[in-house]
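Before any questions on how it binds or moves, here is one chain, the form predicted alone, in structure tokens.
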């Protein structure tokens, strides 16, 4: 009798442990199937789009869990380098010491210069943008005639959005230390939408009616201007792996590069670019 009681107690403990694992998502209760997991981490610019792609993929593969996390491009690169993530997301080009990673371009994005909708300004020259964000131009007076101080809003160090802006706009000049620093494109957009004197830069795919997009040197960021490279602030959206993708990771990336998701990418304000996983080349792009 004592042995039976002990055995029943062990069964209860095992069942409790199994329930905990089920709740945490480590074990699947589907008959004959075990849960498969992909961890995707990095760029907060790509994250909201990757969340949607993951949901659609999991609808087709119910036994799969795709865990999408933010942290910024540099964090995503480090996560895939160390094996903490299966896929890293970067919204900036890789540096030379990061080139050992396998990169797949899943979309292109324009960096949009945004202001409050009440601001009457429509266009800036590239050198004016540089002067504003470096702190050389501090009021709107010479730009739109209003003697108001400019509120500069930027992303934090380490973000792909800021790195791309630094490279494409600022060059060797540093962003002003007086700028308000935020940790996501969404919060940059939120601050600019509430401050008539604010200016910032965010992913084109995350622009909405709460802010106004400026043209740059007379050219607005559109699919056509980005494809023909007349709009100058363009960056890649990259998925990164330690080696050529295989197995479930390859299936997920192939899904994103499929016609279905590339069409969705276009509707979301990004620029589709179909590219099959493999050696990097420019021969398999959809114009």
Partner chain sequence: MTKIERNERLIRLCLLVVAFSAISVLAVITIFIFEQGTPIMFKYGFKNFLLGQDWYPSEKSFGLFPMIVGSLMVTLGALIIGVPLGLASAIFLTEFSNRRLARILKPFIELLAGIPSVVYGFIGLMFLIPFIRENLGGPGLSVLASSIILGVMILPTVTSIAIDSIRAVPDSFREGSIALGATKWQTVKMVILPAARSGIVAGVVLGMGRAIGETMAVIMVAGNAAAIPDSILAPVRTLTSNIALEMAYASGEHRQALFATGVILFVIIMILNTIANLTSARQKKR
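Everything quoted here is computed from the prediction, not taken from an experiment. Numbering follows the first chain given and starts at 1.
There is another form of the same protein, the form predicted in complex with its partner chain; it is not shown, and what comes next is about it.
K.L.:
Out of 101, 191, 121, 84, which one falls within 4.5 Å of its partner chain in the model of the complex, going by heavy atoms?
P.N.:
Among 101, 191, 121, 84, a heavy atom within 4.5 Å of its partner chain in the model of the complex occurs only for 191.
K.L.:
Just give me the single entry in 167, 141, 127, 156 that has a non-hydrogen atom within 4.5 angstroms of its partner chain in the model of the complex.
P.N.:
Contact with its partner chain in the model of the complex is made by 156 alone.
K.L.:
Which of these stretches, 84-92, 167-175, 207-215, 106-114, has heavy atoms within 4.5 Å of its partner chain in the model of the complex?
P.N.:
Correct option: 167-175.
K.L.:
Are all three residues 44, 179 and 195 in contact with its partner chain in the model of the complex, where contact means a non-hydrogen atom within 4.5 Å?
P.N.:
Yes, all three are in contact.
K.L.:
Answer for residue 131 alone: is it within 4.5 Å of its partner chain in the model of the complex, judged on heavy atom distances?
P.N.:
Contact check for residue 131: no, nothing within 4.5 Å of its partner chain in the model of the complex.
K.L.:
Even though the chain is shown alone, can you say which residues of 58-91 have a heavy atom within 4.5 Å of its partner chain in the model of the complex?
P.N.:
Contacting residue: only 71.
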